[in-house]
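Take a look at this single chain, the form predicted on its own, given in structure tokens.
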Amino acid sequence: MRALAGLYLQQFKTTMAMMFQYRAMLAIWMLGQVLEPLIYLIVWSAVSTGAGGSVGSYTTRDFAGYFVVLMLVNQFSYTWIMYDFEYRVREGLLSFALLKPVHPIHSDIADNVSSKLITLPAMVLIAIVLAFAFHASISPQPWAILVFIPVLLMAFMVRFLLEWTLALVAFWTTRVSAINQSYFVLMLFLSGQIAPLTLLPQPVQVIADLLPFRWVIGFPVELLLGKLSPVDALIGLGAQAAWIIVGYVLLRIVWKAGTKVYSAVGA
């Protein structure tokens, strides 16, 4: 455990140094994280205004609160491993990671956490500005605020484990962009990124409940907005715990099978 803690600490330092060195890249990434929910916010605010001030149970101010919170939840849960892993396999970079005495996943966890710590202050500031600019309505219950932190951490764990597992498809095919895009299209519609799930048709809501996407974004957002009851929160926590177990088991199985067939493609 002491060696693992030292590894994380060193990885934090390395990632921090790299992030500060490539400030332009960091700024572009943050811009993308802000623009997507901002576009949806503007669109749904216009739709709500045109419909007389509300769509379903969401008023114009509710839409503003929804997408401001969504921006922060997505920033915290987002990972880039699905894009990066293909490159590691194709260029043979994974070979060096496999020679190390620890699992490569620890390096990715440290990278993700470090990047979030660096960008979090700026993202919170942007969220506050947008909340005031669009008169966002965010009224969480005290109990929901307490539950939100573990919910957010579990949302990250669900997304990280599942996306790390899906990235391992690169062991069998080094061109996985089509798989990645299909995954993110499903994420877009079934997680609540494009619209609150309660506004979508009932069959879509049922599918979203059965798949992991809602539990990594829509659920934490609805919780902080005060849209859920304590029973709903318990059901969501149970779903997150179940998907963490599923993700962990799948990762171990696919990793073991993948490393058996792995051969470096690049240098």
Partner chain sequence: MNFFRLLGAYFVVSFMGEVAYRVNFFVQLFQTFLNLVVSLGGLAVIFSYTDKLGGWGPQEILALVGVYFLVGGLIGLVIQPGMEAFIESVRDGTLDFTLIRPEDSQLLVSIGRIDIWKLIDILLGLGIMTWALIMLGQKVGLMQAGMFVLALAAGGVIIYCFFLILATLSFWFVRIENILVIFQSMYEAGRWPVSLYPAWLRYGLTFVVPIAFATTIPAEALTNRLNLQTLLGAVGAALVLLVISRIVWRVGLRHYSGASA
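Keep in mind it's a predicted model, so treat the numbers as computed, not measured. Residue numbers count along the first chain shown, from 1.
One more form of this protein exists, namely the form predicted together with its partner chain; it is left out here, but the text below deals with it.
- Across the options 31 to 39, 64 to 72, 235 to 243, 219 to 227, residues that bring heavy atoms within 4.5 Å of its partner chain in the model of the complex belong to 31 to 39.
- None of V147, A127, A195, V169 but one reaches within 4.5 angstroms of its partner chain in the model of the complex through a heavy atom, and that residue is A195.
- Taking the partner from elsewhere, every residue among V43, A46 and S177 has a non-hydrogen atom within 4.5 angstroms of its partner chain in the model of the complex.
- Within 4.5 Å of any heavy atom of its partner chain in the model of the complex lies no heavy atom of F76.
- For the chain shown alone, A208 is not a contact residue for its partner chain in the model of the complex, no non-hydrogen atom being within 4.5 angstroms.
- Although the partner is absent here, F160 is not a contact residue: none of its heavy atoms lies within 4.5 angstroms of its partner chain in the model of the complex.
- Although the partner is absent here, L120 sits far enough away that none of its heavy atoms falls within 4.5 Å of its partner chain in the model of the complex.
- If you take 126 to 142 and check each residue for a heavy atom within 4.5 Å of its partner chain in the model of the complex, you get just F134.
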